[in-house]
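The chain below stands alone and is given as structure tokens, in the form predicted on its own.
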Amino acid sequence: MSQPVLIALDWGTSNLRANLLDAKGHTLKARSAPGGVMAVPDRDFAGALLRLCGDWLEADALPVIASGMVGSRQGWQEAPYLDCPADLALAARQCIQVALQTASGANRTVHIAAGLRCLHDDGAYDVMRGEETQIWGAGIPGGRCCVLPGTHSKWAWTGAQGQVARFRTYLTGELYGLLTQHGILGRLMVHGQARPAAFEAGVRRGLAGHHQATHLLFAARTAGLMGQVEPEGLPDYLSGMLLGIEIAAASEAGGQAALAGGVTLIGDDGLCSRYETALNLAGIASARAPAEATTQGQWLLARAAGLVGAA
């Protein structure tokens, strides 16, 4: 059996995932816990980590690399934002170090990855934490676009050398949750029954009317009131509409030339499948990134930082 050389932590808003990696960046063991940065009692990040994989930390003096919201202002310790364009070598030099003591008193160090920020022409910033590691791990070629679906979906464009040149964030997932759980739209909906035709209809509406997004979203309510979309179809209709709005806006922002080679989808299978359908309706080709993009990116970051040797 291969020997472990690195503990890689993907510590986001909702979950903590730990992977024990070998010298080639392959996962030997994996564990997870619903201990995202927003749910760590009394900000005891060290305790949360030790409860999940304290035995790994005790067994070997392995380096620990962490990416995601653990480096945010709400996380363990705030790591800097690096200005785009940013590459793996720059990110490796900007990891911050947090001291950790195991139950037996052994001293370990957690290396937390920096995030990225992008300043647009209108003076507004975009930020990301964790997605940049996935992008590098996915091996996105230079001059391409990748999409990372999620609560805050990211569209990123790479430079000639594979650096993250620029990116934009869309609150698609969070907005869907707010509208369905806390808005009047949700009262008309019956959840749990997939309606692909309603989803595709919503995508088309979103693509066509993204410049009037808030007006368009109200049409999801009237579609239910007037019987144009059944209650069981409204969740998918709204989801499709939001994806259509996102794709149209991102395509406009990035330029059609930048999408000529299609986009690479990085993330959860279920979400990526929905984006594939929506992108196809928009006439944009898509492909999936490797499933281990996060851990591969963490391994590459650790290698660039000198925490592990080359395979």
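So that there is no doubt, residue numbering starts at 1 and follows the sequence shown. Every value quoted in this text rests on a predicted model; they were computed, and no experiment measured them.
Separately, the form predicted together with another copy of the chain exists; it is not shown, and the next lines address it.
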### Message
The chain here is shown without another copy of the chain. Which stretch in 190-198, 221-229, 93-101, 133-141 comes within 4.5 angstroms of it in the predicted bound form, by heavy atom distance?
### Response
221-229
### Task
Please state whether every one of the three residues Val164, Ile266 and Ala293 places a non-hydrogen atom within 4.5 angstroms of another copy of the chain in the predicted bound form.
no
### Query
Though only this chain appears here, would Ala249 touch another copy of the chain in the predicted bound form if you measure heavy atom gaps against 4.5 Å?
yes
### Query
Is Asp87 close to another copy of the chain in the predicted bound form, meaning a heavy atom pair under 4.5 Å apart or at it?
no
### Message
Is it the case that Ala106, even though its partner is missing from this view, gets within 4.5 Å of another copy of the chain in the predicted bound form, heavy atoms only?
### Response
no
### Task
Give a yes/no on whether Leu217 approaches another copy of the chain to within 4.5 Å in the predicted bound form, heavy atoms considered.
yes
### Query
Using a 4.5 Å cut-off on heavy atoms, what residues in 167-181 are near another copy of the chain in the predicted bound form?
Arg168, Thr169, Tyr170, Leu171, Glu174, Leu175, Leu178, Leu179
